[in-house]
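Starting off, we have a lone chain in the form predicted alone, written out as structure tokens.
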């Protein structure tokens, strides 16, 4: 009896096949995981597929259920839609302005919270993060009222100020996460060797923050482009892409809007592909140097 038990233990330890019940459980787990992944990607990409197909449908309204044949005429109509094209230009102008304001503000707030040792840090942190928790409508109205007292009326400039008031908080959180991982011994050594604060920041801190700066700029750009609640109150007589699309909902949208979506998808995929290729090249170059 003892010998039989010992032989069984040795057989299992030597890598004998797992019991049938365990193998069946593992197979079912893999099947469930594959189904979940399939449903996830279907949920993620099915709306994009439907939206893209509607851009090539000859039907006058965005639809794939009422198919009237393939066409490219909506791309031509987009090229002739001056308000949409100007809205895209205005959106890019606002986004670039938001990046120029929110990144320095976010970096300043991150430096204060990570380098300042004070009992009021928690209060200051809550104050600087509070715009993220505030409804966009409130931010837009309060910006319009505040800057209206100094004769800054609605327009692209006011939209930049309104959006930067909360997008700067996103940038601050990103910079804080990066700065908390920085080894400050390098900065202290540079100062001890006679480097000025500006030289130390330019040669040590700024290169360390560069990946986060690029990430914060991309996030600020995307947050600005898609923002509606704050923008609609601050834009005044001007318009951006999202406010123009919002105003057209009252009269019914045309497949031109789907064409814009298709173009954004193409640009996003192209940018992601180029980024992946660049990172792969850097990885191979570093591996070759080793």
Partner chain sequence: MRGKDVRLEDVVMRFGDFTAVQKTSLKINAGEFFSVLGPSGCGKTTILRMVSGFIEPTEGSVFIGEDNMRGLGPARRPTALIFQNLALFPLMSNWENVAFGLEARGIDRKTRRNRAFELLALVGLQGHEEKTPAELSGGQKQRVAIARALAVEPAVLLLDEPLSALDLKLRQYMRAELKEIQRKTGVTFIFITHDQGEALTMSDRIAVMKAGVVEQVDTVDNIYANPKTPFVATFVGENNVLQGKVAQADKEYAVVETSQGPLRGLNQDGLSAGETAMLFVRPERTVLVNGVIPDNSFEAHFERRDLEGAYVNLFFKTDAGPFIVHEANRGRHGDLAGAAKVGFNAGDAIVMRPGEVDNE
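The structure presented is a predicted model; accordingly, all values stated were derived computationally and were not measured. Positions refer to the first chain, counted from 1.
One more form of this protein exists, namely the form predicted together with its partner chain; it is left out here, but the text below deals with it.
The three marked residues, 183, 191 and 208, each reach its partner chain in the predicted complex, with a heavy atom inside 4.5 Å. In the predicted complex, residue 199 approaches its partner chain with a heavy atom inside 4.5 Å. Its partner chain is not shown here, and in the predicted complex it never comes within 4.5 Å of any heavy atom of residue 83. Among heavy atoms of residue 203, some come within 4.5 Å of its partner chain in the predicted complex. The closest non-hydrogen atom of residue 156 lies beyond 4.5 Å of its partner chain in the predicted complex.
The contact with its partner chain in the predicted complex, taken as any heavy atom within 4.5 Å, belongs to 195 out of 195, 213, 129, 144. Only one of 103-111, 146-154, 68-76, 183-191 places residue heavy atoms within 4.5 angstroms of its partner chain in the predicted complex, namely 183-191.
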